[in-house]
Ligand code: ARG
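What follows is one chain in structure tokens, specifically the form predicted alone.
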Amino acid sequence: MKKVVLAYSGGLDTSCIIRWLKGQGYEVICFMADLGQGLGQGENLEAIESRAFAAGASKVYIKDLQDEFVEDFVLPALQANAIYEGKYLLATALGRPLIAKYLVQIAHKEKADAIAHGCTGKGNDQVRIEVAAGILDARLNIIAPVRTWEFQSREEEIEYAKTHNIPIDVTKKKPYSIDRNIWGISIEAGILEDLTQEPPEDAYMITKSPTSQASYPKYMEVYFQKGVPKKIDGRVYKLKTLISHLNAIGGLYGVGRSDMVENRLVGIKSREIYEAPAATILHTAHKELEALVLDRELSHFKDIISLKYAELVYNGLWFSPLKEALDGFVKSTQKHVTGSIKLKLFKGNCVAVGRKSAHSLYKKELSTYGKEDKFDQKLAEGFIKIWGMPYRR
């Protein structure tokens, strides 16, 4: 019998996929990645694992990948200042290549013929998983049942699950499609598809409405060492714990919400709302620290690299040669990104209000207009003449 490794979420689609693949003659091995999406909250891991077996899985792998996710995927994107189309902090996009990596590893271990996923035919995630897996092992077949199977609606899937005694929870009907990990939450569908409507508060999961907050701000100081966030208000944290801590604080102050119409890789526009408190805080702090320690030419060129890096991540090219080459550039820019940024969180906003670094290129004696001024202003005339010389007629 042929073997397939399925990226399993525990939900309706992938539970039905297990049984469907068995009907196609496959032995199904499930893989679930814990990327900090709250596995075990409200429904324990044993229940999810039992559901997979009840649906027909022969084996279930559940792996806690949170540390690997934040250190090997989130951190490089943070250091690259990678934000897609100015708003999306790439939480879901960063998780998919890691999932693909382990799908391939487990397929090798189990001597499977194929891997499978439950992504739809018009989303980005199908591309991210399949391209990443193809780069890692082009010999593996990829099966995407949702693109080809006979079901036309959620109701048909529910009926299929009942017929085959697949234990699913159909009482908690959510109007939104949600993907969550420790770096952020992606929310779509339902009323969000009406572009004239403001996202309702029940769409958000970890951030409170900015209008509901107290009338006083929250101040904090984030310390980086060579581009890696290490401390909050002087206290050292492991990266995963630091991100979780900032998610909690930022969420209380309504920080990290975004509402955007984005260009999907497959050619359509979609409306997505995102929650990413920690990502917003850390991107703000990291960018401000770089502004202090990077010279002008490096800083401006890095902005160009950041845009391309974000596109590569969004488009599923994490394991591509270009992204690997850009990682080398980004890493080289971080050697002086050490210091502290003081931030103010207030009514959904996160702004830098203080900066400090031993590698600071800011010189008060050159910038000041006070009596400490050491800038020789007489030199400006010659500089302007030389600078403007090519443009004189």
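What you see is a predicted model; the values in this text were computed from it and never measured. The numbering used is simple: start at 1 and walk along the sequence shown.
The next section is about a form of this same protein that is not shown, the form predicted in complex with the named molecule.
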message = Does any part of residue 102 reach within 4.5 Å of the named molecule in the predicted bound form? Heavy atoms only, please.
response = no
message = I'd like to check something about residue 149: if you look in the predicted bound form, is any of its heavy atoms closer than or equal to 4.5 Å to a heavy atom of the named molecule?
response = no
message = Is residue 79 part of the interface with the named molecule in the predicted bound form - any heavy atom within 4.5 Å?
response = no
task = Tell me, yes or no, whether residue 187 is in contact with the named molecule in the predicted bound form, where a contact means a heavy atom of each within 4.5 Å.
result = yes
remark   = Exactly one of 249, 178, 266, 298 comes within 4.5 Å of the named molecule in the predicted bound form through a heavy atom, and that residue is 178
message = Can you pick out, from 207, 92, 306, 284, the residue that has a heavy atom within 4.5 Å of the named molecule in the predicted bound form?
response = 92
request  = Determine which one of 92 to 100, 158 to 166, 222 to 230, 105 to 113 lies within 4.5 Å of the named molecule in the predicted bound form, judging by heavy atom distances; exactly one does.
outcome  = 92 to 100
query = Taking the named molecule in the predicted bound form, which residues along 128 to 144 bring a heavy atom to within 4.5 Å of it?
reply = 128
